[in-house]
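Okay, so here's just one chain, in structure tokens, the form predicted alone.
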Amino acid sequence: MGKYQLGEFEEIVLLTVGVLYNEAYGVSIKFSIEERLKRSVSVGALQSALKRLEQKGYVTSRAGEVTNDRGGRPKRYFELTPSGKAAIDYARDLRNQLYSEIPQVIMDLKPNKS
């Protein structure tokens, strides 16, 4: 995807971090993706994607307050960076451009009712 390298799952995670805004931490991101996409998300896959996105500079993270809920471990909150916003803008624009160039004969296709 040009200068913004995003896999499909990374794009979904990045968009979800943006949707959740100040409440984007591991469990909330996982539940949001599962609810919206109706598919399960492994914690390991999510953590790997968040780490890659942080290494690419598309998200930053910070530790939240320590609570007794998690055995004294703080939640790690994520937020989009300006580069992350540019990456999702680029992905959206590319998809919109491709969609707009699909010939009308293809757009007129109807799904089979079986």
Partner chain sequence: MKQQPPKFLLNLFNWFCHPEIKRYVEGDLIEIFQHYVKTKGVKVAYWKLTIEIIKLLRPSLMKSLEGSLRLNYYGVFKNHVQASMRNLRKQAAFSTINMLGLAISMSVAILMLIFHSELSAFDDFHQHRDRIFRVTSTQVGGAHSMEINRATASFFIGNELKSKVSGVEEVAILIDDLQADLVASGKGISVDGFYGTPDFFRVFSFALKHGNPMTALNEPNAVVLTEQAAKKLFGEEDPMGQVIEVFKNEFIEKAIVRGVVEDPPVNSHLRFDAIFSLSTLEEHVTDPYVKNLKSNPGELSDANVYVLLATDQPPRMIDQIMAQMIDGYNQTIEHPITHQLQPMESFVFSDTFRGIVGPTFSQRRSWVMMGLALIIVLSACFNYTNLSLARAIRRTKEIGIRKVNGASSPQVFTMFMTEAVILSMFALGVGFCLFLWLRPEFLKLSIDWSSGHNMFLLEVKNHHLLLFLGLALTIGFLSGIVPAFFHAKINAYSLFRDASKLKMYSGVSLRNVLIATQFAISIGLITTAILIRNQYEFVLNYDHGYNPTNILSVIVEGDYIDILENGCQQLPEITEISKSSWVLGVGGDNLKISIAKNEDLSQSTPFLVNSVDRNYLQMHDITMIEGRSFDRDLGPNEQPKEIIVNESFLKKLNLGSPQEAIGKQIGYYKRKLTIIGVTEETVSIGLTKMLFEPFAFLQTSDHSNYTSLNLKIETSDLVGTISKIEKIYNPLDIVHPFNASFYNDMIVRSYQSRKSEFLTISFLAFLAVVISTLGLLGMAVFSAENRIKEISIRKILGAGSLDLGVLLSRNFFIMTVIAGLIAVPGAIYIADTHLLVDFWKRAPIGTEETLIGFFLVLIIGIITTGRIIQQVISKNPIHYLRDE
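Residue numbers count along the first chain shown, from 1. None of the values given here were measured: they were computed from a predicted structure.
Just so you know, the form predicted in complex with its partner chain exists too; it's not on screen, but the next bit is about it.
- Proximity of residue 37 to its partner chain in the model of the complex falls outside the 4.5 Å heavy atom cutoff.
- Interface residue remark: residue 86 is not counted as part of the site for its partner chain in the model of the complex, having no heavy atom within 4.5 Å.
- Contact check for residue 81: every heavy atom lies farther than 4.5 Å from its partner chain in the model of the complex.
- Within 4.5 Å of some heavy atom of its partner chain in the model of the complex lies at least one heavy atom of residue 48.
- Taking its partner chain as positioned in the model of the complex, the residues of 63-94 that bring a heavy atom within 4.5 Å of it are, in sequence order, 63, 69, 70, 71, 73, 74, 75, 76.
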